[in-house]
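The chain that follows stands alone, in the form predicted alone, written as structure tokens.
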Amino acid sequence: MQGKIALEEHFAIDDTLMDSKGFFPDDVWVEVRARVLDIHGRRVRLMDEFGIETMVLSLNAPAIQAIPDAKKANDIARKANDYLADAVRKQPDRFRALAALPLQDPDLAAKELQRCVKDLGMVGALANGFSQVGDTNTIAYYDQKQYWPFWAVQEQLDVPFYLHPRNPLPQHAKIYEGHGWLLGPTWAFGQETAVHALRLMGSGLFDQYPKLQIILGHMGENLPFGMWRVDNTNGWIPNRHNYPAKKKIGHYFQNNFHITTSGNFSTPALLSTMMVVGSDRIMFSTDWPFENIDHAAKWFDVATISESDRQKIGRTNALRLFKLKS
């Protein structure tokens, strides 16, 4: 398929580069380092080769979210956003941008989001999971009440928010001890992000801000498969769930969330996700440079879905959500 739009595609600046190193052995890091620092070279050649018209770029992880000092986080976010905006200006027909945000301070994050959307032309924001606030051991999730004024700004600007994974802190990851292979994209990324997303759904956030649109990668971080059980656990017990939200969790998943195929190139997973949320809320992505563009594109271009769904997932859903020109 030609004209695909990919929207979980990452870059790094010198200040955040080493955040990605720990996920790769030294011999592989040489390759990944070259990939993540490149924007206009090999990346564009691969886009051309595999039918990707536009990439929506975002900063690597955990980056800003792992800087406990709010002022420093804001400074690095602004630096990364200015760098990315300049890169997009060089090839505006091929790239768009998601803002990095200093969510250690919701007011600073709201101001930076406004600057990025209104002044730099960015089409949304991406945060790498929870933020460390004040010190490395104190964390904040974005369902907490201090973030609701930030969400009001996000809704007012009418741009989506991508909730991207990060690993749990070591003190919260005892279950992985002795099994480090389960960290990162194998399992811990998805578990951490799925619980964060469920917190957002159950908090009442979307009752207060019903137009908010959140994006999850990796075919929904396993949530499509589990959503029925989330809403129907022990269905014979009255009032089993007690949370502030007014509706079933599945309602918010189907109305306030979008899903990408980043790093999960599985046709059974895609078909299952389509059955849960519909083809209008799924979008193609590769997760470059941490996954391969050719793996994503070759799979998607022949996946056993209808051509109308392929066009929606590969292109038109992203055009609509990000308000891009066709």
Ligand code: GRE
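What you see is a predicted model; the values in this text were computed from it and never measured. When you see a residue number, it is the position in the sequence shown, counting from 1.
Keep in mind that the form predicted in complex with this ligand is missing from the display, and what follows is about it.
Asker: If contact means any heavy atom within 4.5 Å, which of 284-292, 45-53, 266-274, 253-261 contacts this ligand in the predicted bound form?
Answerer: Going through the listed ranges, the match is 284-292.
Asker: Hey, with this ligand in the predicted bound form, do I64, E112 and F130 all fall inside the 4.5 Å heavy atom range?
Answerer: No.
Asker: Of the options F161, F206, Y142, F189, which one has a non-hydrogen atom that comes within 4.5 Å of this ligand in the predicted bound form?
Answerer: Selected option: F189.
Asker: Could you check which residue among P224, P168, G202, P185 gets a heavy atom within 4.5 Å of this ligand in the predicted bound form?
Answerer: None of the other options qualify; the answer is P185.
Asker: Does the 4.5 Å heavy atom contact test between H10 and this ligand in the predicted bound form come out positive?
Answerer: Answer yes; at least one heavy atom of H10 falls within 4.5 Å of this ligand in the predicted bound form.
Asker: Could you run down 9-38 and flag each residue that has a heavy atom within 4.5 Å of this ligand in the predicted bound form?
Answerer: Those in contact are H10, F23, F24.
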